[in-house]
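Consider the single chain below, provided in structure tokens and representing the form predicted on its own.
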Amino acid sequence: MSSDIPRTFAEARELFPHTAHSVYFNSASYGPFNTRLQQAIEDNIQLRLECKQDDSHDAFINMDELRGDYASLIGAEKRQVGIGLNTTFGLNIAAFGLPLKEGDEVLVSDIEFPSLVYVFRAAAETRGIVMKKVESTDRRLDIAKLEQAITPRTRMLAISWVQFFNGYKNDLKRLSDICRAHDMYFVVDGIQGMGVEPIDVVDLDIDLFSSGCQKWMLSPQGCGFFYVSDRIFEQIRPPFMSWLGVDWGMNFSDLFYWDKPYFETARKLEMGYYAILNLLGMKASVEIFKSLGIDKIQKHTHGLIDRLAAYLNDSSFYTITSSLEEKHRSSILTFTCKDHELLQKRLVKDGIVLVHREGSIRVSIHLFNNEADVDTLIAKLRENAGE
């Protein structure tokens, strides 16, 4: 399969069969499958149908490789990265594993995606912490209001890297500096930026970073990864544990031990043996990102967004609702118009797959998209505007 690892965006596009019949701008919801992923899963299904060998160790091999793969993409070390089920998995480690006491405050923006909100709501209900809402301005995080919300009891900021509904990319460096100045944990939901926006979690001094891989990382649903900084690892007391959180040395013929030490890496926090099909799908897709490079992917997606934004800015019919400021833009562009919900339905009917969120149409542009895709959308928008 290594021979089909793409070296260019044109080669990458060929791995996605949907490009032959539709224009897909919806990776912020879930990413389309590619033929590398399909082949990896089908090969394993055939292997299990034949049952000629024990392939149970393949999961451990793949998980170990994936820890290194994701670590390389975010500037971390393999020992700091664990495999999870979704973004929420890592957020739960922060909410229930860190030493928060009754009355301690966790700051959460009032425009957060529900997965983050409900994790900390549950922690508030069961641990007695206070989930404190930070009011946004113009549907963006307001740094001044964030700083005003900090008190001596504030222990954590939990926030999305990129906002799901308008693509606003938060200034993680500035937020990290605020957290360090006030001795607060810095927890980041990374799913809407991971794979299309470069990041260095160590340089940004993030304590915990968690991302599902079913969206921009183009992997099956039900898989993800998390990063835990060295600063907080020893502080975590997870409310859950797996028998694979200790090192058996891959010897599963002698299991009557109750005193093995836990791993001293993020593996300790994983939940054991994940679905091998998911792991194989993750591995097949992550090779695409390693080959192309996230810096180049960002340049590609932002260039296509610029092409679409140039038309929208010149149109009196449409209004861009995303930020195009360099430090706050992402691979999501949103815009609105009269009857935007009806327009979104028409576009989907015409084979242009995208969604509307919070009063805008959301366009998620990825590595398999090209100028022809954008021009197809622009042509339909011109037609809708009566141009």
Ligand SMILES: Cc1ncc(COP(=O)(O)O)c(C=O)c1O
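So that there is no doubt, residue numbering starts at 1 and follows the sequence shown. All values derive from a computational prediction rather than experimental measurement.
FYI, the form predicted together with this ligand isn't displayed, but the following is about it.
At least one heavy atom of F113 is located within 4.5 Å of this ligand in the predicted bound form. This ligand is not shown here, and in the predicted bound form it never comes within 4.5 Å of any heavy atom of A76. Within 4.5 Å of some heavy atom of this ligand in the predicted bound form lies at least one heavy atom of Q192.
Heavy atoms of F164 reach within 4.5 Å of this ligand in the predicted bound form, making it an interface residue. Comment: this ligand is not present in this chain, but in the predicted bound form one of S176, S136, S315, T88 has a heavy atom within 4.5 Å of it, namely T88. Checking Q214, T301, S285, S109 for any heavy atom within 4.5 Å of this ligand in the predicted bound form turns up a single hit: Q214.
Contact with this ligand, judged by heavy atoms within 4.5 Å in the predicted bound form, is confined among 113 to 121, 277 to 285, 255 to 263, 232 to 240 to 113 to 121.
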